[in-house]
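Okay, here we've got a single chain as structure tokens, the form predicted on its own, with questions on binding and movement later.
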């Protein structure tokens, strides 16, 4: 990106969802790869910021509910079927995760399942998708939910024992991850810079070795245009679940 944009580009790692939102709000970061919920939170807190792109897979994203086979939970055929999770030891991922908490909790509520309905009257929060798999596979929790792509990646790598943990339900599609840019980039770097940045991302091509490597790391074939309206539903659900105020 430094080469394409003709400016120095520096990667800054951030340790948590809230820290990333805060760093964007204080303008410590110019461009961030956000999950659906945190992207909405950051955009609402940062005047003028713009959704500029997402992966091709992000317009049809899913979460998967998984279960330890010793729980005797089997394939669920409808949202209403999530009621079988009442009384089970259940874990989400991170508290601010779109695919590991927000959307799954929304579908649980649609099924009439409250977080107080789980065994112990509280769900777990594993902190990450990988941790959710490990906790359910070990039997520490009877069921959990995570990002479908993380599940598929772990399955391909042989990190999941299908005799111990299975998928019992997949959510309907929703928009998730996206690139969010500060609204002042044209002022700082010159007229048309935001569009140039967007076109750089959209131009990543798997025929170019370095770009193919990047797209593979993102588990995508390409980046596609996106805008804030794609995340209206996540904003509505976030407000409903009091994750956005």
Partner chain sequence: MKKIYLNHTTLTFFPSLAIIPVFIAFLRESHSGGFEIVSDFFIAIIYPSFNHVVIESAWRGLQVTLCTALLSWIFSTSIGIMLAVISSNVFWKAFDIDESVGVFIRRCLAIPRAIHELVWGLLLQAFLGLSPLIAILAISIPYTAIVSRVLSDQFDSISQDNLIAIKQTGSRPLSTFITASINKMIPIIINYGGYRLECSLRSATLLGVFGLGGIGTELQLSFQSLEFREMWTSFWMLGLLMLGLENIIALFRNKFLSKATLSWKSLRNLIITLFVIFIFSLTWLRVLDINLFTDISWHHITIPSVIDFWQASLELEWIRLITGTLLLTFLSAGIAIGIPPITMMLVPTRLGIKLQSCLWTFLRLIPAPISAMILLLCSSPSIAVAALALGIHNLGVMGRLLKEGIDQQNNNLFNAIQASGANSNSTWLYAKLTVQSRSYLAYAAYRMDVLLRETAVVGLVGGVGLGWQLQESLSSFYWAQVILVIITFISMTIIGETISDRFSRYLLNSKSPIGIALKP
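Quick caveat: nothing in here was measured; it's all calculated off a predicted structure. Numbering follows the first chain given and starts at 1.
Beyond the structure shown, there is the form predicted in complex with the partner chain, which is absent from this document and is the topic of what follows.
Asks: Residue-level question: is residue 149 within 4.5 Å of the partner chain in the model of the complex, judged on heavy atoms?
Replies: No.
Asks: Is residue 220 near the partner chain? Define near as a heavy atom within 4.5 Å, in the model of the complex.
Replies: Taking the distances in the model of the complex, the answer for residue 220 is no, it never comes within 4.5 Å of the partner chain.
Asks: Evaluate residue 9 for contact with the partner chain in the model of the complex, applying a 4.5 angstroms cut-off between non-hydrogen atoms, and reply yes or no.
Replies: No, residue 9 is distant from the partner.
Asks: Is there a non-hydrogen atom of residue 156 within 4.5 angstroms of a non-hydrogen atom of the partner chain in the model of the complex?
Replies: Output for residue 156 is no: heavy atoms all beyond 4.5 Å of the partner chain.
Asks: So in the model of the complex, are 19, 25 and 126 all sitting within 4.5 Å of the partner chain, heavy atoms only?
Replies: All three within 4.5 Å in the model of the complex.
Asks: Tell me, please, which stretch of 168-176, 137-145, 106-114, 79-87 lies within 4.5 angstroms of the partner chain in the model of the complex when heavy atoms are compared?
Replies: Contact criterion met by 137-145 only.
Asks: Considering only 225-245, what residues come within 4.5 Å of the partner chain in the model of the complex, judged by heavy atoms?
Replies: If the 4.5 Å heavy-atom criterion is applied to the partner chain in the model of the complex, 225-245 yields 242, 243, 245.
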